[in-house]
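What follows is one chain in structure tokens, specifically the form predicted on its own.
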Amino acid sequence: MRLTDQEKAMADGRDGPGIQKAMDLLLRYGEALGAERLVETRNVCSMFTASMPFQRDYAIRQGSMDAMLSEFNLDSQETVEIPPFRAFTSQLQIGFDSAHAPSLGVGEEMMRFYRRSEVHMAGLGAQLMNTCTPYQVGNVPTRGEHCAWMESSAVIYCNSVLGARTNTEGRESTSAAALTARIPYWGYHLDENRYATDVIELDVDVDSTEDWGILGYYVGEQVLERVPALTRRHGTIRTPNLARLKHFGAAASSSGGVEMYHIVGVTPEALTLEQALGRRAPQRTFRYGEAERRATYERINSTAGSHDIQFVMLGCPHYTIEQIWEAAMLLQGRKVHDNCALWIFTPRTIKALADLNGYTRIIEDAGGVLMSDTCSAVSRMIPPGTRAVALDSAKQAHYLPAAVGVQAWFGSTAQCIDAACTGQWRGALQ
């Protein structure tokens, strides 16, 4: 790989062993990818806290956060001192919500460890956003900005909606990027890899958040890891809001491996279909009509059987303030069923706004809980005795059955709130 003088100096140890280990990791990683050089990045999203039990146990056993970070974030069996981050760096989700630790089965010893861990990470320069949607709470890179992000639903939003540039990175590469402000220059950092390869022609209106989730799931299944461009066979696509784009991307990156998409007339690199394709012919063209919509909905719900619902989980990816407002309005004057739990997940900062606006009180008065920092897919924590769950996220419906062994019903937010209040799934495709 071609290195600048600054990068050579970091690799040679000029700035200390922590930076040197980070550069060693990036060079091994970049060479394996076939990258010719590194690119400067000033925007990193990663996981630094000991989010998994084995990481926490290792840090406690070694008596050192530097030991845990060296082993699990820099792929170094030698413990090195971790210096402050050079890139603006956002912490993604952790394993639980400290405000609701008892209901998540988290003891006081673990709580104390996580508090110490967060203080340590903040001291290194990590922004403790604790969310899979950093773009909702202040980390909004500009079009063309080179980033180093992990978390599939965040990556696809960053590339597609914001027009910034990142590949789906891991804990190790993002940690090295935070320390060096560098990441390998390959994949979606390059213009030629960002053009659409496939076209999805829509024959039906896609309007609701549920519709966009179904469409995303279909797109991921069809294009896998390629780059789709969505267009309307007749007319134009209705402009989706943040929540709809969030759910679309999360679904597409779950059923497939989509890291970038274009919506003609909506996303920044697709003013026209020709622009999205880079004036090349598509490799494949797919038609999405009513039959495809219904068949996809049935596949998403393929794990469900029992209509008795013990758990409703909303907020994957983390809810926007608009979605919290909608849920609160649907819950107002109602009560969550005695045999069911309702958990809604959102970033800490959005929860503070929900508190201020009175939405948290409405949710809690109804018997629900508004949580932050995590979700059931990350924590693997669900109410005891849960057999069937209702979700308004196609991504969560894809992952949760395998993660915790439950049946999953997918539908609209209104259908999920109704299930929480009745203990029964009565949803159907509209």
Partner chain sequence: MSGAIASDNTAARQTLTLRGRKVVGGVAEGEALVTRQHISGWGGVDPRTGTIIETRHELRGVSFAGKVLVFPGAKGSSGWSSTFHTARLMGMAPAAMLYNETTAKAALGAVVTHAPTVTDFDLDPLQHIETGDWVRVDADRGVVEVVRRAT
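Residue numbers count along the first chain shown, from 1. Since we're looking at a predicted model, the values are computed, not measured.
Below, we turn to the form predicted in complex with the partner chain, even though it does not appear here.
- Within this chain, Gly265 is remote from the site of the partner chain in the model of the complex, having no heavy atom within 4.5 Å.
- In the model of the complex, at least one heavy atom of Asp75 sits within 4.5 Å of the partner chain.
- In the model of the complex, none of the heavy atoms of Glu40 sits within 4.5 Å of a heavy atom of the partner chain.
- By the criterion of a heavy atom within 4.5 Å, Ala377 is counted among the residues contacting the partner chain in the model of the complex.
- Site annotation in the model of the complex: the residue of Glu225, Glu109, Asp207, Glu81 reaching within 4.5 Å of the partner chain with a heavy atom is Glu225.
- The partner is absent here, but in the model of the complex a heavy atom of Glu172, alone among Asp198, Glu145, Glu172, Glu201, sits within 4.5 Å of the partner chain.
- Remark: none of the three candidate residues (Tyr114, Asp365 and Ile382) comes within 4.5 Å of the partner chain in the model of the complex, counting heavy atoms only.
- Across the options 354-362, 117-125, 247-255, 318-326, residues that bring heavy atoms within 4.5 Å of the partner chain in the model of the complex belong to 247-255.
- Annotation for 397-420: interface residues with the partner chain in the model of the complex are His398, Tyr399, Pro401, Ala402 [heavy atom within 4.5 Å].
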